[in-house]
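Okay, so here's just one chain, in structure tokens, the form predicted on its own.
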């Protein structure tokens, strides 16, 4: 799909500005707070109507926390979360109270990673999918009709709505989760690793379904994953996270072929190549991720980066556009991105 990231006079449907989420560190019998873990630290990005932005990074990078803060499942420590509602209003979700949040939240829904744990085993499919509808005052007759439509939309027989989750396979359960997420006709879907818990053959089916739903319903996706092959298949742009910060943001093909951050290059090199003569894991990094409970002066990746110089350890790099193309920017938070040559795929 066309990247709208710098088209004039077009507002993003979701805009996150300087988002922070700190978790308190508590110790002792009285659970006294002794510090904070900076799980998300000054994250800014935008997503445009009909676009898929992939948020990638290793475990603990903060990508799922970003999703939960955007949905207000976690309260943000600071920052702004602007969403464009179906009525065309631009609302800051970070400032809404519970009542106001309910009216806006129907515009943004989430698909969870594990279809086995995200569906209540004691509820039939009808009640599972109708739950968000009932929360907004739909009567039973309309709920049954809507659930039937949704099940057909995701490729399931509406006659199965009286069955319980244990009667379905993993792929079918994820289709039920997708139907539930679509119940209120949201414009934005936050998909948190929606295929990673499934068999490889089923993963392709779910990804194709999400792609079809996006085209039919003009959906916008924030797609969270650690699988770069999935990112290349489904995402228009990619945002790479490391230690609670964004390391790089670019169009998908641009990022895969011409990475500008050493961490991105290391992630790409970890993807197995079908060529048996191709050297694998050439850019593997060693060392541990920085302690997020401590203040970081410079680049958080500097202790593990073979290209790091003293400035990298002393000065925090800003996420800046590193190329002259204003229409299709390539952002990277690296002091040496214009000096070093990194390998892509």
Ligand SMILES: Nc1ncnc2c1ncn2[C@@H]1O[C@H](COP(=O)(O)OP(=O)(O)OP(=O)(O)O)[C@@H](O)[C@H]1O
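Source: prediction; values computed, not measured. Numbering follows the first chain given and starts at 1.
What comes next is about the form predicted together with this ligand, which is not displayed.
Within 4.5 Å of any heavy atom of this ligand in the predicted bound form lies no heavy atom of residue 258.
The closest heavy atom approach of residue 37 to this ligand in the predicted bound form falls within 4.5 Å.
Not displayed here, this ligand is kept clear of residue 42 by more than 4.5 Å at the level of heavy atoms in the predicted bound form.
Among heavy atoms of residue 65, some come within 4.5 Å of this ligand in the predicted bound form. Residues placing heavy atoms within 4.5 Å of this ligand in the predicted bound form fall in a single listed stretch, namely 57-65, out of 303-311, 316-324, 44-52, 57-65. The partner is absent here; in the predicted bound form, the one residue of 74, 138, 164, 116 having a heavy atom within 4.5 Å of this ligand is 74.
Of the residues given (251, 226, 106, 80), 226 alone sits with a heavy atom within 4.5 Å of this ligand in the predicted bound form.
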